[in-house]
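Below you will find one chain, with nothing else, as structure tokens; this is the form predicted alone, and questions on how it binds or moves follow later.
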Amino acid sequence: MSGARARVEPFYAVEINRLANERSRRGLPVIHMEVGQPSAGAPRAAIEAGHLALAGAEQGYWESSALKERIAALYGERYRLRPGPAQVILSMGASGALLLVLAVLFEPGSRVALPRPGYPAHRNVLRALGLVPQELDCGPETRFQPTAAMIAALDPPPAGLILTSPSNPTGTMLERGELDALAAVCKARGIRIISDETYHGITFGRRAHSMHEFEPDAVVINSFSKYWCMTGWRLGWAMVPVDLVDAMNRYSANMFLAPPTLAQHVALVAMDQQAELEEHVATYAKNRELLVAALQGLGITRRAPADGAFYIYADISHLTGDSLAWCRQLLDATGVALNTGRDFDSIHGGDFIRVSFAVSTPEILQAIDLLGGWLHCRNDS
């Protein structure tokens, strides 16, 4: 196969996960900190609702009006916004929502700007659809996020801009003023904003703002995979302006027919299990504190400020210039599975690792001990 659409880069987290699972099948221990998923499952009451739905509800193609209404209400609770339920387009995860949004909004050949480092599926889906990713080099001086000045300097302006706050892999968030400035420059230059808000609800110290607060014409994407701990259920949504509703529904019906029926029943109940879900966020906060202190003590001091999500993005260029090989060696020696920064940054990613702390606190403590022992052995050899 040839052509631009065939040139989709590998997803290294999947490769490391495969190696970790092979290790598990050999009976060797593994601590999974390479993939971006909570170790906890869906809330208990939501699972119970799933059992009832599996036994008593029809399982054909279906969209839950009650779930769309509940998601619309969430925007009132979190952001004091009042979208209509029709603006909620249910999808097969945030990944399915992104595919729909890009297919509806842009013609092949359109350029879409996005930060680097950033979630690899964003640029890879752009390429798969015949769109052109225009990466913005975002380093520690801008907290690994794009700025309004960067967007204003693009000539000609791109057709779109993908933002992620909190970010994967860095966990950094865009402040209110930065979101407002980005919205203003994009409005002035005719740039459509796609805001990936998958990690909203998982923040430390301050809440995240939705781009819908600043730009009603933005398209917002979210998922039940992270805050609601429903990764394998493959359910998400796009919140779209009214003028895009019909097109989004037509594309969704043709590309996916309907999102998973059982997952919709589970998600509706999961949305009201805040006490249990906030316990998970408290665990992430504790894990984050332990991990940051431990890395500091191990000499891994250059890190992105993890405002939200459940990742540490750390510079290990003083230890290696090939973080993928380094992660493989660490996994083979200790069973600690981390991800290379090459997934998120094709230029500088070999100097970085991404560490997920969405595991249990005992696993964090064990991983710290194993990593510390391995690094000391390497330094002594």
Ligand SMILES: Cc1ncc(COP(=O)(O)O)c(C=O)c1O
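One rule holds for the numbers: they count along the sequence shown, beginning at 1. Quantities reported herein were computed from a predicted structural model and do not represent experimental measurements.
Another form exists, predicted together with the named molecule; not displayed. Remarks below refer to it.
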Handout entry: Heavy atom of Gly93 within 4.5 Å of the named molecule in the model of the complex
Key = yes
Exercise for the section: With heavy atoms only and a cut-off of 4.5 Å, decide whether Tyr79 touches the named molecule in the model of the complex. Expected result: no
Handout entry: Interface membership of His200, the named molecule in the model of the complex, 4.5 Å heavy atom rule
Key = no
Problem - Contact flag, His265 vs the named molecule in the model of the complex, heavy atom cut 4.5 Å - result: no
Handout entry: Sole residue of Ser252, Asn287, Thr172, Ser223 within 4.5 Å of the named molecule in the model of the complex, by heavy atom
Key = Ser223
Problem - Interface residue in the model of the complex among Tyr119, Phe144, Tyr75, Phe214, criterion: non-hydrogen atom within 4.5 angstroms of the named molecule - result: Tyr119
Completion exercise
Here the chain appears without its partner; judged in the model of the complex, the stretch of 292 to 300, 225 to 233, 102 to 110, 174 to 182 with heavy atoms within 4.5 Å of the named molecule is 225 to 233
Exercise for the section: Heavy atoms within 4.5 Å of the named molecule in the model of the complex is the criterion; list the residues of 157 to 179 that meet it. Expected result: Thr164, Asn168
